[in-house]
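This document opens with one chain alone, in C-alpha cells, the form predicted on its own.
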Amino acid sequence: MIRSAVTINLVDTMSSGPWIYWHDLEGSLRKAAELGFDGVELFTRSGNDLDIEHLRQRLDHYGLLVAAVGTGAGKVLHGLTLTDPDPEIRKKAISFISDMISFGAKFGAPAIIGSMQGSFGLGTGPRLEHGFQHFCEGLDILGEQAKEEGVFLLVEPLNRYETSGFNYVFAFDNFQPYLKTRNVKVLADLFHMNIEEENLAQAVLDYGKHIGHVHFADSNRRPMGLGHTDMTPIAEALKEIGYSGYVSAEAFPYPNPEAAAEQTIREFRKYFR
C-alpha cells in the first residue's frame, strides 16, 4: 500500500523552504494525525537533535510513523557536501549523514541525501571526475552503514539549478556500476522531475526498480493540485511498478501550513485511496 507523509522542519533558524509544517513538533504531529497522514518526514538540525524516546512516545500517541529523515541541514547550516575538494569537509559530511542514518534507523526510516551531494557534474576534467569519485565513495560507506542498521539510503536527483551533479532518475543507472553497495535507492521528487524529465510517468515506469521514496509537490513546488503537473499517469505508473513506499509532501506551505496539508491529503486520497 502506498502511504502518505507530510514534512516537518524543526530547524528553528530557518523560516522558508519546501516543508509543510514548521518548528512545532507536538502541534505538527497532532495536525498530521487529525488529517489522516500515515507518517511524517523530519528535517532536523542534526541526528542528535531530538530526544529519541520522547519522539517515539509522541509518534505512538498519534499513530504516526517516520517516513524519512532529511540531511540537508548539513549543507544549509554547515556547508558540508560529499563532493567537496577538501577531504576534511568530506569526512565531516560523512559523519553528519552517518548520525542521521542512525537517527532514522531507530524508527525504520531511511536518510535522504539531496543537497549534501554537492555539485560535481557528469562531464570530464579532474574536478568533475574527482567529485564523482568522492560521491560514490561516500555512498558506499553510508549505504553499507544503513544496511547494517536495517534501512536503505536514499539519494535524490535535484534539478540543474540546485546541483550540477545527480539530476535525472535514469542517471542512477550510470552510478550503480561504480558503487560497491547495493543498498541505495532513488528519491523521485516530482518537482525536480518536472524540470528535468521528459516524461514523468515514463521515467517511473522505466526506472521504478530504483525508487524508494516519492516527494509529492506540484510543478511550482506548491502542494499537488496547485500547479500544472498531470498527476494521473504518474499515480498509475507508481501503482503499475508495485510501489509501496511513501508519497511525502515536500512542498511550500502555500497559502499556509494548514491549507497546504489539507490540500496534500486531499490530492493523495484522490490518486492513491
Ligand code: LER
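In case it trips you up, residue 1 is the first one in the sequence shown, and so on. Predicted model only: the values in this text are computed from it and were never measured.
Separately, the form predicted together with this ligand exists; it is not shown, and the next lines address it.
Can you check whether residue 158 is within 4.5 Å of this ligand in the predicted complex, heavy atom basis? Residue 158 belongs to the contact set for this ligand.
Residue 221, heavy atom within 4.5 angstroms of this ligand in the predicted complex: Judged by the heavy-atom cut-off of 4.5 Å, residue 221 is in contact with this ligand in the predicted complex.
My question is simply whether residue 99 lines the interface with this ligand in the predicted complex - judged by any non-hydrogen atom within 4.5 Å. Looking in the predicted complex, residue contacts with this ligand do not include residue 99, since no heavy atom lies within 4.5 Å.
In the predicted complex, is there a heavy atom of this ligand that lies within 4.5 Å of any heavy atom of residue 162, even though the partner is absent here? Yes, residue 162 sits close enough to this ligand in the predicted complex that at least one of its heavy atoms falls within 4.5 Å.
Spot the stretch among 165-173, 101-109, 139-147, 184-192 with residues whose non-hydrogen atoms come within 4.5 Å of this ligand in the predicted complex. Partner-contacting stretch among the options: 184-192.
Which residues within 72-98 place at least one heavy atom within 4.5 Å of this ligand in the predicted complex? If the 4.5 Å heavy-atom criterion is applied to this ligand in the predicted complex, 72-98 yields nothing.
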